[in-house]
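Have a look below at one chain only, the form predicted on its own, in structure tokens format.
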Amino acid sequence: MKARVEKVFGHLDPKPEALLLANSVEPHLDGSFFYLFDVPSGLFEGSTAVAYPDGNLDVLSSPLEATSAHLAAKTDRHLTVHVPTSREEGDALLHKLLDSKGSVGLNYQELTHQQFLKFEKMFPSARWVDASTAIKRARVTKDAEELGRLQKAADIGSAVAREIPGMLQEGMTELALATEMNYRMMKHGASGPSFSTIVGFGPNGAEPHYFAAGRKLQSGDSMVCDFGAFYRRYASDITRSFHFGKRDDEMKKVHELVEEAQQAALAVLRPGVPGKDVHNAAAKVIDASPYKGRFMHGLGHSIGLNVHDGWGMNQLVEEPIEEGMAITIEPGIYLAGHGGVRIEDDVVVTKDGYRFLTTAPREYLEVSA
């Protein structure tokens, strides 16, 4: 945890005297709280973390997670855990930790307005520093522990992607397939899905962020299955597209074109390359086809404690790719009223290029009705 605290402060200029991260109630939990306080279990609603430039960390834990918090402290001498028994006790302790600090960093991007007003009242003389960008820059490249968990989450997603063809039955609903996919992820070791599983049959596959509903699978349908697993708080995100029953020659062509676009992007992916160049390599393939304009989103995003972990890749991103980034590569083509194809993989950027985290087959597959 010390290395992560120091990494965040390394991106802050000037450095505040302390950094304060605060959770509200689910879903308003700050992922960066868990980046600094690397504890794999618990909500920690209402908990706070105070970090210092020397790498030390004080955590004020909810009593509901006291066991997990104290276990974490046993293995890290730079971590001190406090478990206040009342709100008043917690506020008094926080005041003791921070009242002498002239400047305090806050994660404006995740802090609720209610909490900010509370801190302003508690520390009227504090100089607040927006630490959001520094936190994002620290989190965008992963350490070995993070990469291990991301790999496990990707392994779970890849295993389920391989199993989807065997789940398909004519007449099943999108919700039925999504439910089975979620069950399989947890059976393989996930703590849960990393986002609401997307299953779009037929024309519903043309909406990139479609929610699974009641449409029934019919022979001749293409489908988009976009899903991911949480493993010890870290997320995977994988999309595979299949065809069910009677062949659709156009959708087969579209699938092969999306595969080509993904490969074109991967061919230029390496440290130092602007993010827009990777996006544009995929877009160039699609725009040279009859489907120009049907790739309607950015090529990918960072993954980590959140499935969208703070960094994205589109035609405007000048920031260079960095070694250690974990990102998705997900070109797609969407034909309104007909269907869609998206192929999405998780990769980690290496010194010379990349390596796949997700490993399920990507090629066009027809599943017999």
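What you see is a predicted model; the values in this text were computed from it and never measured. One rule holds for the numbers: they count along the sequence shown, beginning at 1.
Below, we refer to the form predicted in complex with a further copy of the same chain, which is not included among the displayed structures.
> Only one of 42, 324, 46, 55 comes within 4.5 Å of a further copy of the same chain in the predicted complex by heavy atoms, so just point that one out.
Contact check passes for 42.
> Please pick, from 90, 189, 245, 148, the one residue with any non-hydrogen atom lying within 4.5 angstroms of a further copy of the same chain in the predicted complex.
The residue in contact is 189.
> Does the 4.5 Å heavy atom contact test between residue 109 and a further copy of the same chain in the predicted complex come out positive?
Taking the distances in the predicted complex, the answer for residue 109 is yes, it comes within 4.5 Å of a further copy of the same chain.
> Quick one: is residue 338 in contact with a further copy of the same chain in the predicted complex, heavy atoms, 4.5 Å cut-off?
Residue 338 lies outside the contact set for a further copy of the same chain.
> Answer with yes or no whether residue 274 is in contact with a further copy of the same chain in the predicted complex, where contact means some heavy atom within 4.5 Å.
The answer is no: residue 274 has no heavy atom within 4.5 Å of a further copy of the same chain.
> Can you work out whether residue 210 and a further copy of the same chain are in contact in the predicted complex, taking contact to mean some heavy atom pair no more than 4.5 Å apart?
Yes, residue 210 sits close enough to a further copy of the same chain in the predicted complex that at least one of its heavy atoms falls within 4.5 Å.
> If the criterion is a non-hydrogen atom within 4.5 angstroms, does every one of 25, 132 and 183 touch a further copy of the same chain in the predicted complex?
Every residue of the spot touches a further copy of the same chain in the predicted complex.
> Can you pick the stretch from 109 to 117, 257 to 265, 218 to 226, 140 to 148 whose heavy atoms fall within 4.5 Å of a further copy of the same chain in the predicted complex?
Every other range fails; the passing one is 109 to 117.
> Can you list, in sequence order, the residues from 136 to 175 that come within 4.5 Å of a further copy of the same chain in the predicted complex, counting heavy atoms only?
Contacts from 136 to 175: just 175.
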